[in-house]
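Only one chain is given next, in structure tokens, and it is the form predicted alone.
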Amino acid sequence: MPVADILPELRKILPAGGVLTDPAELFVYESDGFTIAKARPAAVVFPTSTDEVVAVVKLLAANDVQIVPRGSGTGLAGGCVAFENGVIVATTRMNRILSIDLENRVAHVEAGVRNTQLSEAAALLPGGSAFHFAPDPSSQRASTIGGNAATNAGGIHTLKDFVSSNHVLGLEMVLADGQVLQTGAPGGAYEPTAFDLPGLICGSEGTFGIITRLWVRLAPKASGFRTIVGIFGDTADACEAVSEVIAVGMLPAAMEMLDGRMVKVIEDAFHFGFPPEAQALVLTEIDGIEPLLDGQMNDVAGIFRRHCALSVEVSADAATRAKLWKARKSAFGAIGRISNSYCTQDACVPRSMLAAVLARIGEIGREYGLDITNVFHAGDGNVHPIFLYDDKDESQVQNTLAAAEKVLQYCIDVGGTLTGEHGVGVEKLHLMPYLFDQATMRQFQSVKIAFDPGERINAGKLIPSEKIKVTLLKPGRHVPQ
């Protein structure tokens, strides 16, 4: 049935203003942060409770309408784009913090609660400033906790704090037929079971159902910090320094790397005084027990110097630390100074291969006539090449997609994997069979069908689907001239 025919029923289910159909309003929901993949949904709906999600899902399922879950749309793989005239179910109005239990270090939240909103709320409670929700994607002021879980989001401090699944204790999810699944540890207590369903659901990218509530871990904040900034005249030296820090047994809270082009962009935007000859910058943070930090800081600085750093600056100053991390988290926004459009890729490779991977990325950029810069989580080998292009030039768009495919294939070939934190969505869907053999892909499909037999929820994302096929790369149009 056409979506237009069930709009009156949708409006009965939802509060006033809970259904968008105006093309001008739908324009905002054509894509997420991966702007190459675009499709206008038939409608966007905004439930405010689990019961409303259930009613919406049952109505859409009864009429065989594609259902696409969406948080705040900060994803970077096209995971919440509604193809085939689908309806987006946005959980951003389900934004209540239901409880914060500091004694047990657990919070119960609706899916639309923003990442930083939870930490800010905890800080208002007596003793709560000592705790936070640890996952910290760069979009954390806008991204929702439900979206964090659905994509298993990481962030700058993933090296030590790990990804979202390590902080999710339990989940409530509405399945494709409207049933409500509650799994994990709703009370916050650890309950070992044969199957780790929360761990399976985290990272499923909305293909199993719509996450509506979560029970998440609140972690203690570190009380002491040191920041080490190493400037290098050679990218390979910087990569080798990162590898040695981890190889000697140290575990920094974060190790971020920027290549020379990105250093210049940051310098032009924030005026830190970085030298023009800088070809790489490694921003490292260590945290922990105050009496031990100076020794660890000096160890890191010594490793940087052994690997020919042009300069090493260390600091225990909170204001300097905040300024440096603000600059790092603003890096992608600063790219607007040098390019009309950009596409951020995401792969994970062995740290020992970082120098080779960056060199190959540069070669591929030159092959396709593209400018590529890099800012990434070096400590865990999570590379983020940023392809600069003009989205008004279709040949540049196709060259970007083709070059990104080559980069990802190379990362897999050297022992890496397809994604470190951004997910697969539609952007990398065609490369899943390149990474996984047919038997594994069949098992993935079996798991998807177990949750969603009719393939009504986010079909054609993460797992290839016969029901919905999306082709972003146009054969024959991506050969460099």
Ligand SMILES: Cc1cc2nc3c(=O)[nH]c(=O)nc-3n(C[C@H](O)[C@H](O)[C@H](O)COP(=O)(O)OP(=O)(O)OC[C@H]3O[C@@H](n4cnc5c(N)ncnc54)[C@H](O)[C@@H]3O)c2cc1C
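Predicted model only: the values in this text are computed from it and were never measured. We number the residues from 1 along the sequence you see.
Same protein, other form: the form predicted together with this ligand, not shown, and the subject of what follows.
Residues D196, G199 and K448 are none of them found to lie within 4.5 Å of this ligand in the predicted complex, as judged by heavy atom distances. Heavy atoms within 4.5 Å of this ligand in the predicted complex are found in one stretch of 363-371, 279-287, 303-311, 132-140, which is 132-140. Of the heavy atoms in A238, none are within 4.5 Å of this ligand in the predicted complex. For D161, no non-hydrogen atom is located within 4.5 Å of this ligand in the predicted complex, even though that partner is not displayed. By the criterion of a heavy atom within 4.5 Å, G146 is counted among the residues contacting this ligand in the predicted complex. By the criterion of a heavy atom within 4.5 Å, E455 is excluded from the residues contacting this ligand in the predicted complex. Contact with this ligand in the predicted complex, defined as a heavy atom within 4.5 Å, holds for exactly one of A254, I210, I228, L358, namely I210.
Taking a 4.5 Å heavy atom cutoff to this ligand in the predicted complex, the contact residue among G379, G206, G86, P385 is G206. Although this ligand is not shown here, in the predicted complex the stretch 326-355 places heavy atoms of just one residue, F332, within 4.5 Å of it.
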